[in-house]
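The chain below stands alone, shown as structure tokens; this is the form predicted alone.
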Amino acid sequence: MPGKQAAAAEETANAGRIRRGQLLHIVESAERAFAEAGFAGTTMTRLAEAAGLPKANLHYYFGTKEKLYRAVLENILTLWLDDMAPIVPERAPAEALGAYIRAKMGHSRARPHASKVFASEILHGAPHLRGFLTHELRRRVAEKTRVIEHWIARGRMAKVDPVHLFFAIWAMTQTYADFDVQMRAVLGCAALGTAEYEAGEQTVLRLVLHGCGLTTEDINEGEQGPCRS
């Protein structure tokens, strides 16, 4: 009996892993489809073709195109919010901000289509995200703003407007995904590769950290942070 229970538990666990893997595959495939055609221009048929699955599978897991679109947005937003985890009072400002910038640059490189879907949603007035932006995102930014104010009050970094600092970091890191066509044209390359991302990352790090009044030693510490993506 115990053997049968263990086998049943293992079978259930395997089924759960397969389901999670298929869900993630559908979401990641949908990122490109929505990025290329937008929400209105993307059909469930196109989404199924992108995932290489029957349309019935997408309906089974997500029900509607809108729910799959929301899943794409929620997936990248969850990653972006998790990127803010290093920004805590006990960490050195350069190390924490450096880890955050690296993580954001890493997602721009690894998930550019998800970033483009988010940008398109914002440009269209955020009809599917307005509640998230005004509640969860605003709450998280307020929480991390208090950390930066704590560092400033203790003389650990220069006085800056924390909210506008976040705006600047978002703009500088997400542009590598959202406006890669412009960058490729200026740089004269077919795709942004390791060299371009490393140059961009180091530039953003130095601009942000120097702008926050951190020393060269602090910048080096930030550049060696443990969260490099």
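Residues carry their position along the shown sequence, with the first being 1. Worth saying up front: this structure is predicted, and the values here are computed from it rather than measured. Rigid core here is just the name for the largest C-alpha set that superposes within 1.5 Å across the two forms.
The protein also exists as the form predicted in complex with a further copy of the same chain; that form is not presented, and the subsequent description refers to it.
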Practice problem: Assess the spot marked by Ala35, Val186 and His210: is a further copy of the same chain within 4.5 Å of a heavy atom from every one of these residues in the predicted bound form? | Solution: yes
Quiz item: Using heavy atoms and a 4.5 Å limit, would one call Gly41 a contact residue for a further copy of the same chain in the predicted bound form?
Solution: yes
Quiz item: Though only this chain appears here, would Ile152 touch a further copy of the same chain in the predicted bound form if you measure heavy atom gaps against 4.5 Å?
Solution: no
Quiz item: With the cut-off set at 4.5 Å between non-hydrogen atoms, does Gly125 touch a further copy of the same chain in the predicted bound form?
Solution: yes
Quiz item: Looking in the predicted bound form, any heavy atom of Thr175 within 4.5 Å of a further copy of the same chain?
Solution: yes
Quiz item: Of the residues Lys116, Arg102, Arg109, Lys144, which one places a heavy atom within 4.5 Å of a further copy of the same chain in the predicted bound form?
Solution: Lys116
Quiz item: For the chain seen here without its partner, which of 52-60, 66-74, 198-206, 22-30 has a heavy atom within 4.5 Å of a further copy of the same chain in the predicted bound form?
Solution: 198-206
Quiz item: From first to last in sequence, which residues of 74-111 have any non-hydrogen atom within 4.5 angstroms of a further copy of the same chain in the predicted bound form?
Solution: none
Quiz item: Does Gly193 show a Cα shift reaching 2 Å between this form and the one not shown after rigid-core superposition?
Solution: no
Quiz item: Can we say the CA of Lys65 moves by at least 2 Å between this form and the one not shown when the core is superposed?
Solution: yes
